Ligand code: BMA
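Form predicted on its own, single chain, as structure tokens, below.
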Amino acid sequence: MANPNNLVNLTVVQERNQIIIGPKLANVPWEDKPEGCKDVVWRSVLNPIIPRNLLPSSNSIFNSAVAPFKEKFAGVFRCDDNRRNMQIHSGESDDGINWRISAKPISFICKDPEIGEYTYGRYDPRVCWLEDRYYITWCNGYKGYPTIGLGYTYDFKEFFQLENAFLPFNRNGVLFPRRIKGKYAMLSRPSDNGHTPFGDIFYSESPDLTHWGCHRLVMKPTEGWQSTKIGAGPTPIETTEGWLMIYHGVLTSCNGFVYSFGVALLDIDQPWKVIYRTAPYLLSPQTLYECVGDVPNVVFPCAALSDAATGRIAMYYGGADTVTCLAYTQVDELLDFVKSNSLI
């Protein structure tokens, strides 16, 4: 299938100090850094871009994933309904900011009813353009156990479900946007059935998107904002320096969990090898919409759009498990920051 985005495939474009290996995206959402801002990541003045009640039935819309589609944008959104069932819905946008989300959850076409049936819910999706289609990964409730669901779509209207990627328990399944040494690759966080007391990021590979193995440890929790657990966020961004992996980290405070996010640079051919990893966070819950909601004190990144021509990156994240927000950065600033403020 031809690339429906009419974008340049895997072209290398250098405009700033570092380069992104990927397509141009001239219409990437963007706001210039506010005057006087010294941070490497800054919030959209339009936040939250998606309110919790955009749908009549939605209690909250957050932790969602988007992608370029036919010169516009499409995505998969976590919409917890007013029964508090966790569902994922498709959506579309002309500009990546104003969204039209389907009132009905995605109904996957699945050859095996054993896999298609779920009782636990579907949540925290990621979307990845890979080869000839959009793949969706999400936390899937199989027989009441959380694992990594995997499916695909060509048009964001029909969705097809494949085999679950891993055994329960697992969360935060994130595909790489191309094969690595001929194998499909995914990041994930093995967990338990609750709010896991551990949380490490692992790398896995597959010849066919069904059989996964060669599991390798990428990163463990360490200290401060990322001391309790960590998990991969958006689809990794390929650069000439390595893979940029935006990830969330959790601190256990006297008042509960606090979710922030940072970035790591992974080796381009062996992504389980970490080159740099931020010691400070990039963004932490500080605004009202990040601190007050169904789950206070959460910023949770699930998607990033990047433009190879300008180095601009727009990051979508959930605020307080309630709303969807946007933040921005430049690839050269991000790489400079992780190199200058690395744990490694």
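Here the structure is a predicted model, which is why all the values come from computation and not from measurement. We number the residues from 1 along the sequence you see.
The protein also exists as the form predicted in complex with the named molecule; that form is not presented, and the subsequent description refers to it.
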Using 4.5 Å between non-hydrogen atoms, is residue 65 touching the named molecule in the predicted bound form? no
So in the predicted bound form, does any heavy atom of residue 259 sit within 4.5 Å of the named molecule? yes
Quick check on residue 279: any heavy atom within 4.5 Å of the named molecule in the predicted bound form? no
Although the partner isn't part of this model, could you tell me whether residue 124 comes within 4.5 Å of the named molecule in the predicted bound form, counting any heavy atom of the residue? yes
If we test each of 46, 275, 295, 288 for a heavy atom within 4.5 Å of the named molecule in the predicted bound form, the one that passes is 295
Among 27-35, 296-304, 53-61, 279-287, the region lying within 4.5 Å of the named molecule in the predicted bound form by heavy atom distance: 296-304
Suppose contact means any heavy atom within 4.5 Å; which members of 65-83 contact the named molecule in the predicted bound form? 78
